[in-house]
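Next up: a single chain in structure tokens, the form predicted alone.
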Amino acid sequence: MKLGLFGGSFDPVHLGHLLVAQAAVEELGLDRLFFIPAAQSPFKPDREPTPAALRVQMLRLALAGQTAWDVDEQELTRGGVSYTIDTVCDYARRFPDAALFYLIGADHVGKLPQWREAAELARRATFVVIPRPGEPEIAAPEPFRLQVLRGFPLGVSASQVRARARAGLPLAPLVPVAVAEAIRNNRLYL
């Protein structure tokens, strides 16, 4: 079994996330892909994320109808700073025979050796790099195994979506219609 783990703040989930998920399923032959919203990113300690319940609601709206994709709330349930090693070890325990593929933005590759229990992470999962359009590939730091996604690179970020919401600009097609509606109805990112 091949499992994809897609961690992030998803604040909000956007079309780039969904295209990455589709490319990962197709290119890696994943059986399941889990979107894992972080309680608090160790790399963004000063940024207070949107309340967890609203981020999960937007994820569920965005993933509606996707039978191989799911939301895993374990990092939100644990609370505090979210560390990838805790999540990867949980999957390794629950799915001992599965190959684990952890999706990561290209901008994080150089920092992998600084991640908590980096050597153990490298042993337990293959890291799948999500390239940013127009940026060069980054070499894998030892001892990590990297695979690069080829399909659907899109230069959209959650910070761009939040800025558009603050400015009162349309969010479609950067986020699914139901997510844009949830952002508007909950007056998020104003």
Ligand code: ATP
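Please read all numbers here as calculations on a predicted model, not as lab measurements. What we label the rigid core is the largest C-alpha set whose atoms superpose within 1.5 Å from one form to the other. Quick note: we count residues from 1 along the sequence shown, nothing fancier.
A second form of this protein, the form predicted together with the ligand, is not displayed here; the remarks below concern that form.
Taking Thr126, Ser157, Gln40, Gln66 one by one, only a single residue has any non-hydrogen atom within 4.5 Å of the ligand in the predicted complex, and it is Ser157.
Each of Gly7, Asp107 and Arg132 places at least one heavy atom within 4.5 Å of the ligand in the predicted complex.
The chain is drawn here without the ligand; in the predicted complex, the stretch among 67-75, 80-88, 116-124, 99-107 whose residues come within 4.5 Å of it by any heavy atom is 99-107.
Of the heavy atoms in Arg162, some are within 4.5 Å of the ligand in the predicted complex. When the ligand is considered in the predicted complex, Arg145 lies well away from it, no heavy atom lying within 4.5 Å. Mapping the unseen interface onto this chain, Val20 counts among the residues with a heavy atom inside 4.5 Å of the ligand in the predicted complex. Remark: Lys44 counts among the residues lining the ligand in the predicted complex, judged by a heavy atom distance of 4.5 Å or less. For Glu135, the Cα coordinates differ by 2 angstroms or more between the shown form and the other one after the core has been superposed.
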